[in-house]
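As a starting point, one isolated chain is supplied in structure tokens, in the form predicted on its own.
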Amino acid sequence: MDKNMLAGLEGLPEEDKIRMSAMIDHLQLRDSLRMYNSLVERCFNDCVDNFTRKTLQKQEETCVMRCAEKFLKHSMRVGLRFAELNSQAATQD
């Protein structure tokens, strides 16, 4: 977990800090799993259309790789933009 997230918990008792830290970790894990599941579902639905073989065909594999790459780049860009906006909001206070 990011140390900056705990900066606002300075005045809390130690047991509350531990509980908040565990809750934040749980939420981050849940969000990561949701993003992963969304990625898998989206790329599978967009790319896989032939179920006659156990393995992916070359074009399906290429499509899945491109889809995953786009999804991750988009997620990273959104995260960076969110961080920029969050930083700007913090400096305005």
Partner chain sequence: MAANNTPAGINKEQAFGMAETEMEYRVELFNRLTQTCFNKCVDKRYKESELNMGENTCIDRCVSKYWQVNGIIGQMLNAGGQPPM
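No experiment lies behind these values; they were computed from the predicted model shown. If you superpose the two forms and keep the largest set of C-alpha atoms that fall within 1.5 Å, you have the rigid core. Positions refer to the first chain, counted from 1.
We do not show the form predicted in complex with its partner chain, though everything after this point is about it.
Mapping the unseen interface onto this chain, C67 counts among the residues with a heavy atom inside 4.5 Å of its partner chain in the model of the complex. The shortest heavy atom separation between T91 and its partner chain in the model of the complex exceeds 4.5 Å.
Although the partner is absent here, L27 sits close enough that one of its heavy atoms falls within 4.5 Å of its partner chain in the model of the complex.
Its partner chain is not drawn, but in the model of the complex it has no heavy atom within 4.5 Å of V40. Contacts of stretch 56 to 84 with its partner chain in the model of the complex, defined by any heavy atom lying within 4.5 Å, are made by C63, R66, C67, E69, K70, F71, K73, H74, S75, R77, V78, G79, R81, F82, listed in sequence order. When the rigid core is held fixed, the Cα atom of D31 travels less than 2 angstroms between this form and the one not shown.
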